[in-house]
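Okay, so here's just one chain, in structure tokens, the form predicted on its own.
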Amino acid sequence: MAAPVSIQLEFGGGAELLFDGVKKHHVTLPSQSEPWDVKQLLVWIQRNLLKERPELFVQGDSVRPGILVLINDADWELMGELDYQLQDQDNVVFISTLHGG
């Protein structure tokens, strides 16, 4: 059984508007049989934090194109993307690079 994982989530570049305008969230993910990964985190975020317009945040089982994801200040592409196993005290940042005009 994997222990609970405490992480910080940050949303910026307009993505915070989908989360009631709250930029930082300190969350504790509950214990589960396997370690938490980013794919499971996205499902948890949709169910517990996302307040409106999920199509602007997720596409399929990943974030939609135009959202930059950083894990501990590193591009998630270097960390394994959806397969990265979250560690206690990780900082995961989602920044929208799409802007209306």
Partner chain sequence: MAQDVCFLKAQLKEKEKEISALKNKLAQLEKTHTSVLELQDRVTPLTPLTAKAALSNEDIMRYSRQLLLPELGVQGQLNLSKTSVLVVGCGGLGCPLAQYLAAAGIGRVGLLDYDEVELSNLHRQVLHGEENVGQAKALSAAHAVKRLNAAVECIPYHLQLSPENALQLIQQHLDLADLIYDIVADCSDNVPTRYLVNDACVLSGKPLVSASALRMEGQLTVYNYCGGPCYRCLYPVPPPPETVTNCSDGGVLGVVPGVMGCFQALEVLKIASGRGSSCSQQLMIFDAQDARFRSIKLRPKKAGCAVCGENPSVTQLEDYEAFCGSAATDKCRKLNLLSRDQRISVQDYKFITVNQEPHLLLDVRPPVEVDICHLPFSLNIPLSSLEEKKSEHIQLLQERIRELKQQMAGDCWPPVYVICKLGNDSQKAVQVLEKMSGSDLDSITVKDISGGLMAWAVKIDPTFPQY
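Residue numbers count along the first chain shown, from 1. All values derive from a computational prediction rather than experimental measurement.
One more form of this protein exists, namely the form predicted together with the partner chain; it is left out here, but the text below deals with it.
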item: Non-hydrogen atom within 4.5 Å of the partner chain in the predicted complex for each of E52, A74 and N91; value: yes
item: Exercise: P65 in contact with the partner chain in the predicted complex, heavy atom 4.5 Å; value: yes
item: Heavy atom of L17 within 4.5 Å of the partner chain in the predicted complex; value: yes
item: 4.5 angstroms heavy atom contact with the partner chain in the predicted complex for L70; value: yes
item: is_contact(A3, the partner chain) in the predicted complex, heavy atom dist at most 4.5 Å; value: no
item: Neighbours of the partner chain in the predicted complex among 1 to 23 [non-hydrogen atom within 4.5 angstroms]; value: E10, G12, G13, G14, E16, L17, K23
